[in-house]
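In structure tokens, one chain follows: the form predicted on its own.
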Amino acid sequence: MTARKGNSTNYRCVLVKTDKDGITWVTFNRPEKRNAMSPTLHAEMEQIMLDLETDQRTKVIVITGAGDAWSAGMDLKEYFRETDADERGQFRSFTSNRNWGWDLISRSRKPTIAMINGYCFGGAFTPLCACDIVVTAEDATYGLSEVNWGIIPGGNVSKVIVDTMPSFRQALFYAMTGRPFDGRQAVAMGLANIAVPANQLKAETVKLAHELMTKSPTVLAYVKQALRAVRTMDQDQSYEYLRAKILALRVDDKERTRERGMAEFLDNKSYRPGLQAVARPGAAGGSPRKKVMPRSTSKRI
């Protein structure tokens, strides 16, 4: 792997490029194998996700694939057959896969978008479900094809699809039949958020990334953490957790988003929180209003 220089870095299996506006494009780069995931790709993605978490230039992370695929899943030759007799290599590859494909993406403080540009099969469903938002081409092709060649959807794929898809029967149907489905169906089943024609995919993703950048990054991180955490809590646990999380956010948010939003809405009548983000100090985007500072007599909370 090479050191990151300027606004781009080339690894053996992944391309990383950060635009001047803060979007970092992470592109699986094995188009000749439809971006099937090899041990090298897993090791590189693990390092990339660790680096981006503290990269000040990166505001939004977009994960996509080169050529006509997002990812065809695991590389059957390199990920499975060649590591069957290599205990050390198998452990390292399997661990890197889990670290970046679920843990690092799902716990990232930065917004993550999966931009699905083509084939998405098998093991690729784990990072797909780990991303916060999914924008897909309408003609992208998805499939849980493991049943066709003698295994179950493993590597936590079975877990993430039943957690993500609102219909358990749909998850069973596609896992049991191995039938493919397209981007429109992925949205209908809750696996993706937005489906657009392939020629509009990048533009729609950039538009969404810019919308996310109008929000406080600290607030976004807390929103992500809160929603993921409460999924496994009961009502009483979630109430107590969310109350503590809200109080912690007031301390952690250096932009004082809550205080400024209330001042603009209640004191100056210049802001409608249901329709737009409160303008961020010193940042592009947000609503084009004159910067309003909280009144000096107000308590900082």
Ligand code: ACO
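Numbering starts at 1 and follows the sequence shown. Note that the coordinates shown come from a computational prediction; the quantities given were computed from them, not determined experimentally.
Omitted here: the form predicted in complex with acetyl coenzyme *A. The next part is about that form.
Remark: Arg34 counts among the residues lining acetyl coenzyme *A in the predicted complex, judged by a heavy atom distance of 4.5 Å or less. For Ile151, a non-hydrogen atom is located within 4.5 Å of acetyl coenzyme *A in the predicted complex, even though that partner is not displayed.
For the chain shown alone, Arg228 is not a contact residue for acetyl coenzyme *A in the predicted complex, no non-hydrogen atom being within 4.5 angstroms. Using a 4.5 angstroms threshold between heavy atoms, Lys207 stays clear of acetyl coenzyme *A in the predicted complex. Contact check at 4.5 Å (heavy atoms) against acetyl coenzyme *A in the predicted complex: none of Val60, Thr64 and Ile133 pass.
Note on the partner interface in the predicted complex: the residue among Ala72, Leu201, Ala192, Ala171 having a heavy atom within 4.5 angstroms of acetyl coenzyme *A is Ala72. Of the candidate stretches 26 to 34, 246 to 254, 233 to 241, 259 to 267, only 26 to 34 contains residues with a heavy atom within 4.5 Å of acetyl coenzyme *A in the predicted complex.
In this stretch, 40 to 62, not one residue has a heavy atom within 4.5 Å of acetyl coenzyme *A in the predicted complex; the partner itself is omitted from this view.
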